[in-house]
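Next up is one chain by itself, shown in structure tokens, the form predicted on its own.
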């Protein structure tokens, strides 16, 4: 995906969240099994269904929780590309966003 395409998709995701997209931020997967179940749910979704993938993964456009977790500190975040490298998501993201697949 080219930079312009990634920026366009990032802007599209930002607009969806700014327009009030309701996502499933809870429950946060506390165990590997719960995390794996979320990944399996994402794998079952059509790859082109961006909205459903954002809903299931619990994306929000700001830091989340008492620890103010954000994409920037997640192990799947590629800093220079502003990209979530989790294969089940693989979307451009902003550093201050968050989703419940956040991991360190």
Partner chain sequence: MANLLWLQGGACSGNTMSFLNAEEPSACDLVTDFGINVLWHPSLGVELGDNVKKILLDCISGKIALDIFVFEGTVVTAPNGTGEWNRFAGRAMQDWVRELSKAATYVVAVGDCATWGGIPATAPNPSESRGMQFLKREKGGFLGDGFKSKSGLPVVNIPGCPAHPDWITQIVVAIATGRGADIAVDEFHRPKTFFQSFTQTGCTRNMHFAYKVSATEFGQRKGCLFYDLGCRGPMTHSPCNRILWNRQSSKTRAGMPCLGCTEPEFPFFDLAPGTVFKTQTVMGVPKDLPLGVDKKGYIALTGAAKNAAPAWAEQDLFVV
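Numbering follows the first chain given and starts at 1. Please read these numbers as outputs of a predicted model, since none were measured by experiment.
What follows is about the form predicted in complex with the partner chain, which we do not show.
With respect to the partner chain in the predicted complex, the three residues 31, 87 and 103 uniformly fall within 4.5 angstroms at the level of their nearest heavy atom.
Residue 72 belongs to the set of residues with a heavy atom inside 4.5 Å of the partner chain in the predicted complex.
In the predicted complex, the partner chain sits within 4.5 Å of a heavy atom belonging to residue 81. Proximity of residue 64 to the partner chain in the predicted complex: non-hydrogen atoms within 4.5 Å are absent; the residue sits far from the partner.
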